[in-house]
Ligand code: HEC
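The data below hold one chain only, encoded as structure tokens and taken in the form predicted on its own.
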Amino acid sequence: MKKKLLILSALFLFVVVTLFSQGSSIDETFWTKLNPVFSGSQYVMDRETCISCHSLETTAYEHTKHSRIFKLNPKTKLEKVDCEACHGPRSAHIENPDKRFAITDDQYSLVCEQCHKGGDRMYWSNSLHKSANVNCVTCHSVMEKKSSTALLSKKTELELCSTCHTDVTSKAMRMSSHPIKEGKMECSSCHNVHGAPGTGSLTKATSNETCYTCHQEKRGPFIWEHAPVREDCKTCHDPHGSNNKSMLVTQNASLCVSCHQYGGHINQYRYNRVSTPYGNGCVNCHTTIHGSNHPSGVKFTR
């Protein structure tokens, strides 16, 4: 038993060390695999040599997070090679400075993954953004500080996401929406832009689980459950914004009537005067529409 515990402890330690050492060492074959022209080129490890030709680029770079870490507090072997951590071994380039060593934007994503992999980036290879030919340098600015958050290529996350997702960000400007335009939430509050196991690049496996991170009171379990609520919040709500109250996909009473159409109940506009475009309609009586724990709450009236 002792021996088994010792083996398991050693295995656990190996896994931990492996995970935390990602990006800490230099893979000598990485750049050659990326572009055969790097074969035989060595690391110079001298920022001043790079600056002698690339002073214009490095002037802006000096104010970035990467520059400060690589120059002032490098902790890994890769960080200690400074500029060449991202641009590859440059001895051959110094001898013959041409464009042979240029790599594509898509290849730069692999360069970034030398350090930035695992965690919330573990699904990047199968992510929606990667499938759409979006890469790291599409959204992040490494050589110039343009944002105080996550090296973004735009000042704010909303501004960045808006460059592609205009249909979604326009909804955020509607009458009823999450406080994104006020800066109290970000797109990444609900979405993992680097990929996710579920749909829509959500931070959780389902849309309901994502919503429950803030709206815990809607989770339940309830004695009386409203089926659409249990199945998907998006059945009734548009999470990106709506011109209806509470981000509803349509007006209150219209939404209820889309499922609850039967005789013997005043559930139509011509009978229900409180079902106005801006009134509460059905929920004037059915107040606990997300679910009820009251013994007599079968109709969600209490």
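Quick note: we count residues from 1 along the sequence shown, nothing fancier. Since this is a predicted model, take the numbers as computed values, not measurements.
Keep in mind that the form predicted in complex with the ligand is missing from the display, and what follows is about it.
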inquiry  = Within 4.5 Å, heavy atoms only: does Ser52 come near the ligand in the predicted complex?
reply    = yes
request  = Using a 4.5 Å heavy atom cut-off, state whether Ser41 contacts the ligand in the predicted complex.
outcome  = no
Partner contact for Ile223 in the predicted complex: the ligand, 4.5 angstroms, heavy atom = no
query = Is the gap between His260 and the ligand in the predicted complex 4.5 Å or less for some heavy atom pair?
reply = yes
ask   = For the stretch 225-247, which residues lie within 4.5 Å of the ligand in the predicted complex by non-hydrogen atom distance?
value = His226, Ala227, Pro228, Val229, Asp232, Cys233, Lys234, Thr235, Cys236, His237, Pro239, His240, Lys245, Ser246, Met247
